[in-house]
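Read the single chain below, which is given as structure tokens and is the form predicted on its own.
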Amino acid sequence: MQVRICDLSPPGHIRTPKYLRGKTGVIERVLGRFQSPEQRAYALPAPEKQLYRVRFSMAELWGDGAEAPEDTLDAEIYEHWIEGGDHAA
């Protein structure tokens, strides 16, 4: 399933790399539910959220500057960073 990563820049401990925000990838697999590290970093209650492995093409990430546009990068992304996902941080 194709997904788009939210293009947000909230303050604090953020687990989703800036270069992935606003980019489109494909869910490669569902990894399970884990406590959100963004809340755990501040010793706050951390509800469990679904974690996905999302695959991005280098062409999507770097555009015309991609050395090998057909190569891919996999990243673990929590559901609240996926557009249409659970955005309760």
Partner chain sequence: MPHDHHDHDGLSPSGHPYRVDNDAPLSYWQTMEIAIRELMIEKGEITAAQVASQIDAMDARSPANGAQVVARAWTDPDFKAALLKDATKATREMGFDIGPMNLVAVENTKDVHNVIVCTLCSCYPRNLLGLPPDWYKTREYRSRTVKEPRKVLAEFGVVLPDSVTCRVHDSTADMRYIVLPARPDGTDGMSAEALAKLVTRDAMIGTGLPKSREP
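Note that the structure is predicted; figures quoted are calculated from it, not measured. Residue numbers count along the first chain shown, from 1.
FYI, the form predicted together with its partner chain isn't displayed, but the following is about it.
Contact annotation for the candidate site: 17, 37 and 53 all lie close to its partner chain in the model of the complex (heavy atom within 4.5 Å). Between the options 31, 41, 27, 59, the residue in contact with its partner chain in the model of the complex by a heavy atom within 4.5 angstroms is 31. Within 4.5 Å of some heavy atom of its partner chain in the model of the complex lies at least one heavy atom of residue 65.
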